[in-house]
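Below, in structure tokens: the form predicted alone, a single chain.
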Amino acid sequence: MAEQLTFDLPARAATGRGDFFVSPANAVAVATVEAWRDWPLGRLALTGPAGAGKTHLAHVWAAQAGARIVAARALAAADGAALAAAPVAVEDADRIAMDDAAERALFHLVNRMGETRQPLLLTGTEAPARWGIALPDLASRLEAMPVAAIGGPDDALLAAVLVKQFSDRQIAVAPDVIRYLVDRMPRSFAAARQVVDRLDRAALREGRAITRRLAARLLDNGDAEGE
């Protein structure tokens, strides 16, 4: 079969509450985030592996709380006083370790949010105590924050992640293909993202639908190994 030209079109992720699948792997984290009015000191760290849905859940919370979402690396250039006037979600806060300007900006934001009594949500892959923050005063504040952790995916959540990622790419995949993948692919969110991407590319390249046969070929060839 002749290969077709393919184009890297960005997928549009659905980030509404109705698009977020709740399973035993994330139910406690979801409930904690949605109970934001009860967070101690109005702060929470949301943690979990890449692809676990932290960004999606942060958007759900932002819609509920009227919050602004900002990348941690953008804090140094942001107007901290203006940010602290309303709820804020800071994404990838664990990635600013050893970045003095970003660490100081987050330190001042945490303090300002305490003064204005506005809720603050931070996301990262691990608990704040493991972020490697160099600024002692910031590290101590972060380590005192309560943590809501998303665990590794169970079968139901892994299936939902696959369905959502295909849906974000506007691809309809039969339930038997999803079951086949769940039973055989590596057990991680990162692997789910990689499997969907490679199946999408293969289907586009070959001008065919995503079937069990195509999934089997990619998995058998080791083309969908987990990270």
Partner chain sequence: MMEDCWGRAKAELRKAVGENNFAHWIEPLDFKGVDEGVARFGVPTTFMGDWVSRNFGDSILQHLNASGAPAGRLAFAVAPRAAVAAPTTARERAEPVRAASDDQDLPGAPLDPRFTFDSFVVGKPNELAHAAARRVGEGGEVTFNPLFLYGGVGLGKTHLMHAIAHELQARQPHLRVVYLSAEQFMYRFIQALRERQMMDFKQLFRSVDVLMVDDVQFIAGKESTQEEFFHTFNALVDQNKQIIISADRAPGEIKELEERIKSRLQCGLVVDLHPTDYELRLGILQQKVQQYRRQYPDLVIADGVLEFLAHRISNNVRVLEGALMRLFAFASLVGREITMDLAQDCLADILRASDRKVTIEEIQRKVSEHYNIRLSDILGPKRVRTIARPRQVAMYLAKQLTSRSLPEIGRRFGGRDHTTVMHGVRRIEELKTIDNQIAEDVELLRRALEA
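Remember, predicted model here, so these are calculated numbers, not experimental data. Numbering follows the first chain given and starts at 1.
Quick note: we don't show the form predicted in complex with the partner chain, though the next part is all about it.
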Interface membership of residue 178, the partner chain in the predicted complex, 4.5 Å heavy atom rule: no
is_contact(residue 188, the partner chain) in the predicted complex, heavy atom dist at most 4.5 Å: yes
Close approach of residue 73 to the partner chain in the predicted complex, 4.5 Å, heavy atom: no
Partner contact for residue 66 in the predicted complex: the partner chain, 4.5 angstroms, heavy atom: no
Interface stretch in the predicted complex with the partner chain - options 163-171, 55-63, 192-200, 38-46, non-hydrogen atom within 4.5 Å: 38-46
Residues 137, 143 and 184 all lining the partner chain in the predicted complex, heavy atom within 4.5 Å: yes
